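So this first bit is one chain, no partners, the form predicted alone, shown in structure tokens.
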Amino acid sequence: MSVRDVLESVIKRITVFKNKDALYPEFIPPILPHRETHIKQLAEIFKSLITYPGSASLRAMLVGGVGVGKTVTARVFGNEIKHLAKEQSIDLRYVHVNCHRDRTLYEVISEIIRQLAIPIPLRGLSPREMMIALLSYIEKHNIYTLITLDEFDYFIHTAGNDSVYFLVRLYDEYPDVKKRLNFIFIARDITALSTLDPTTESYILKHLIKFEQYKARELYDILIQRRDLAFYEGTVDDEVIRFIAGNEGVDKGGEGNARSAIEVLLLAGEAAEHEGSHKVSLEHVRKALSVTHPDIIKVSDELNFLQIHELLLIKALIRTLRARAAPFVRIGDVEEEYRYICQLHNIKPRKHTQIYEYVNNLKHMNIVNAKLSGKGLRGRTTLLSIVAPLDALEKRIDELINKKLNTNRDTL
């Protein structure tokens, strides 16, 4: 096959995506599900930027783990308040600095100047001289700024107390001028602030906004929004979205990380596209999870230590999941399949109590997911699932079953 043939085969391949950009980390969605309260808190803190611009230097501290919406909330708020200010003839500009990349005082001020497109020759200037030039320019041109310092804890560790004090307490030296610099600080936790002097720490923490990890139902809403933006209609069923949300939701044992959940959706779509499939299936999601969750790869090593009946039970769960084409299946259905597989191998099946112990052991080893059913099913039953790709896992399970049957037949 020629290079042209290869290129054409890729370009003409079936795609489920209509706008893949909506699944990338830098994408800014039109609305933020389940972060309306945080936007409102920011509005309360920064409202005088619109009503009395320059009356005070305002600041807020956003704190929360990875993938809880801190960065996107700051960006959405910054862009919206900038447009609102423009309607009031206020020149408010939003700047977003990643302190993981720009960790020193010189780098942070340089990046602020660059994003504001201010014609200041930086060569040979100290950070203080750069800041004075910046303040002079925005005063002369009647500019106000809202500056987000993302990954602020990196800046604290690298630049130290004096640099932080210089940035956030700048107007202590100029009490009579208009306050044109305003800040949003973003960090994963506030422990880094304990290295600052108490006055600076309390100054930064005056307006603290906490971001909690997402629950499954919240991730479901976020993923539905991204699905509708990124995929063609009918290519990703709600069941697929529910499976990803249930796997990632903090209330379901996940990390509550929206960024990770969206990445799983992206990779599942790419897996479907690679196979030429018109739809994203649960198996595509399992393949995506094996990429985004490296712990799943360790499952293969854990399998070597399982008993024959635990292996047969996993085999039964795989077959039941595939037959039902569902993210979770009832333990009773899996037991029925397990008894059938035991019969095929002429092995006496274990009773329900022992099966339940196997399930708990496999759950503890992160091989199987187990949860109690909610409303909609008669009574309460245990629902089982597997997040690893079923085909690859079943192949390994079959190898181990055959090996144990051939070497341990007399002990069964």
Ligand SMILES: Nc1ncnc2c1ncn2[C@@H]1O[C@H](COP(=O)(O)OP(=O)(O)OP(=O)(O)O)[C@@H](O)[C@H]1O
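The first residue of the shown sequence is 1; numbering continues from there. As the structure is a prediction and not an experimental result, all values here were calculated from the model.
Here the subject shifts to the form predicted in complex with the named molecule, a form of this protein not shown in this document.
Please pick, from A272, I156, V334, I262, the one residue with any non-hydrogen atom lying within 4.5 angstroms of the named molecule in the model of the complex. Comparing distances to the named molecule in the model of the complex, the residue within 4.5 Å is I262.
Sort through T235, T71, T320, S290 and report the residue having a heavy atom within 4.5 Å of the named molecule in the model of the complex. Looking at the other structure, the residue within range turns out to be T71.
Looking at heavy atoms inside 4.5 Å, which stretch does the named molecule contact in the model of the complex, given the options 362 to 370, 340 to 348, 30 to 38, 44 to 52? Only one stretch qualifies here: 30 to 38.
In the model of the complex, does F185 have a heavy atom within 4.5 Å of the named molecule? No, F185 sits far enough from the named molecule in the model of the complex that none of its heavy atoms falls within 4.5 Å.
Report yes if any heavy atom of H284 sits within 4.5 Å of a heavy atom of the named molecule in the model of the complex; otherwise report no. Close contact is absent here: in the model of the complex, H284 is far from the named molecule, nothing within 4.5 Å, heavy atoms only.
Is there a non-hydrogen atom of R227 within 4.5 angstroms of a non-hydrogen atom of the named molecule in the model of the complex? Looking in the model of the complex, residue contacts with the named molecule do not include R227, since no heavy atom lies within 4.5 Å.
Closest heavy atom of A56 to the named molecule in the model of the complex, within 4.5 Å or not? A56: no, not in contact with the named molecule in the model of the complex.
Look at the candidate spot formed by P25, E151 and A258 and say whether the named molecule comes within 4.5 Å of a heavy atom in all three of them in the model of the complex. All three within 4.5 Å in the model of the complex.
Just give me the residues of 202 to 222, first to last, that have a heavy atom within 4.5 Å of the named molecule in the model of the complex. Contacting residues: Y214, I222.
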